[in-house]
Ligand code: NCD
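Take a look at this single chain in structure tokens; it is the form predicted on its own.
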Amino acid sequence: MTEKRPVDLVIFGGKLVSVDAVQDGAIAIDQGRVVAVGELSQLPASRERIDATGLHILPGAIDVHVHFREPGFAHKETWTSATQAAAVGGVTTIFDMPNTNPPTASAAAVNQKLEIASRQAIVDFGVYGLIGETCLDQIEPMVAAGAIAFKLYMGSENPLVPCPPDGAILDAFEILARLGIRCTVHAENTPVLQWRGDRLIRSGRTDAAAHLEQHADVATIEAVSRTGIFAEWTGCKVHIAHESSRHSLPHIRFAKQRGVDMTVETCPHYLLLSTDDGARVGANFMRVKPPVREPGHAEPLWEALRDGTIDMISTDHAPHLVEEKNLPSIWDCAPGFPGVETSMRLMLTAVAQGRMSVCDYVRMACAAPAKAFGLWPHKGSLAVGSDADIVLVDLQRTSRISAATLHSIGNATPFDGFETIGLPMRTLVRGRTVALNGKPVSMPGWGRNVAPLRQ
């Protein structure tokens, strides 16, 4: 009888975390996949072993909302720097948004971005195609080229990705419904944003409060409701990006109760910050779209995240240089923050504080995004047959977030100086270690496009 060859890797000694339980166990990996889970004595021999004693073994986090800036804005971030940051942060799969230059609005643009990513990335990735008035005929070619999903900027002041008219949105939703592909929506009302923004600028307002006044809650509520109605009418699967307002939650619940296939994300900056943090970092520094709002929104968002009204955590990773965030006029300050390197640390701190369990975190950061975007069970799980995307986490390790040590080029984070409890110690993508003890260790080019997994 021929003796079986050893598998590539066994990780033992740690506690395996799923959406349902935390249990002692070991995990065997071969050719990038999980091949066995159980007691160490029951697993096959391996060429390599990793002792995870004292650590928790989680599926890699999936961040379905990042802006990795290439092509067009490499001075803020590159796919190399961004995926290194993701790997150090325990994020093993990301989806990149289409507001680059050129926008990802054609099959050629999808191919261009996939080529850039394939050369540089050390974690797996998906690429969004753009929903625009002039590129509806490119939706199917973009899918064929390898787009994972589509992005609709229902609230946009960016000339690269203008908001299409409602008729075009309905047409796009009908096409996506037929293809079975989800559309992520920046749900704000563009005419409200433009009207209020113009009025505030004409009046001479340049303060941070003017940005919040422009992005009034009602602009979000209306767009969330309209998204739900259009999705219900067409059968399109939709995903609400970066939910920031407690006032949207009843409308999200109503859409879900009606059977709309709507998933929703929120971000750490909406859960952990408010306008009060402007006194700490600078009011203009806090600019992001949609805005970090007044005190009173975070706790309802936490409750919605725990009860499933909000399905998942993303980051809206949007790196900018410090000098782009500290300008006298709010209208000149770049909106957004880096997030892929700090999100897991911040959310594990919430676990340590009792806001949720580590199983809840796996549901929000791993399983839910994989299920929503057609990657389950290849991603987001430690089950046999899944990709070996794994993070070894020390839930007791305390540390301090330092902007200066982040791997993103645009490292202007509002979480600089935050004390955290829980730290990713080792990140594996398809069985290969890509980050170890806070340092990226993989050569660029290991990451691959995950869109074929959907099909």
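This structure is a prediction, so every number in the text was calculated from the model and none was measured. Just count from 1 along the sequence shown to find any residue number.
Keep in mind that the form predicted together with this ligand is not shown, yet the notes after this line are about it.
Trainee: I have 153, 186 and 336 flagged as a candidate spot, so tell me whether each of them has a non-hydrogen atom within 4.5 Å of this ligand in the predicted complex.
Mentor: Result yes, every residue of the spot touches this ligand.
Trainee: Please name which of the stretches 318 to 326, 255 to 263, 137 to 145, 292 to 300 has residues with heavy atoms lying within 4.5 Å of this ligand in the predicted complex.
Mentor: The contacting stretch here is 318 to 326.
Trainee: If the cut-off is 4.5 angstroms on heavy atoms, which of these, 190, 349, 99, 78, is the one near this ligand in the predicted complex?
Mentor: Residue within 4.5 Å of the partner: 99.
Trainee: Scan 56, 67, 407, 430 and let me know which has any heavy atom within 4.5 Å of this ligand in the predicted complex.
Mentor: It is 67.
Trainee: Find out whether any non-hydrogen atom of residue 378 is located within 4.5 angstroms of this ligand in the predicted complex, and reply yes or no.
Mentor: So residue 378 does not count as contacting this ligand.
Trainee: Is residue 172 close enough to this ligand in the predicted complex to count, meaning some heavy atom within 4.5 Å?
Mentor: No, no contact at 4.5 Å.
Trainee: Would residue 242 show up as a contact with this ligand in the predicted complex if we use heavy atoms at 4.5 Å?
Mentor: Yes, residue 242 lies within 4.5 Å of this ligand in the predicted complex.
Trainee: Using a 4.5 angstroms cut-off on non-hydrogen atoms, would residue 221 count as touching this ligand in the predicted complex?
Mentor: Although this ligand is absent here, residue 221 would stay clear of it in the predicted complex, with no heavy atoms inside 4.5 Å.
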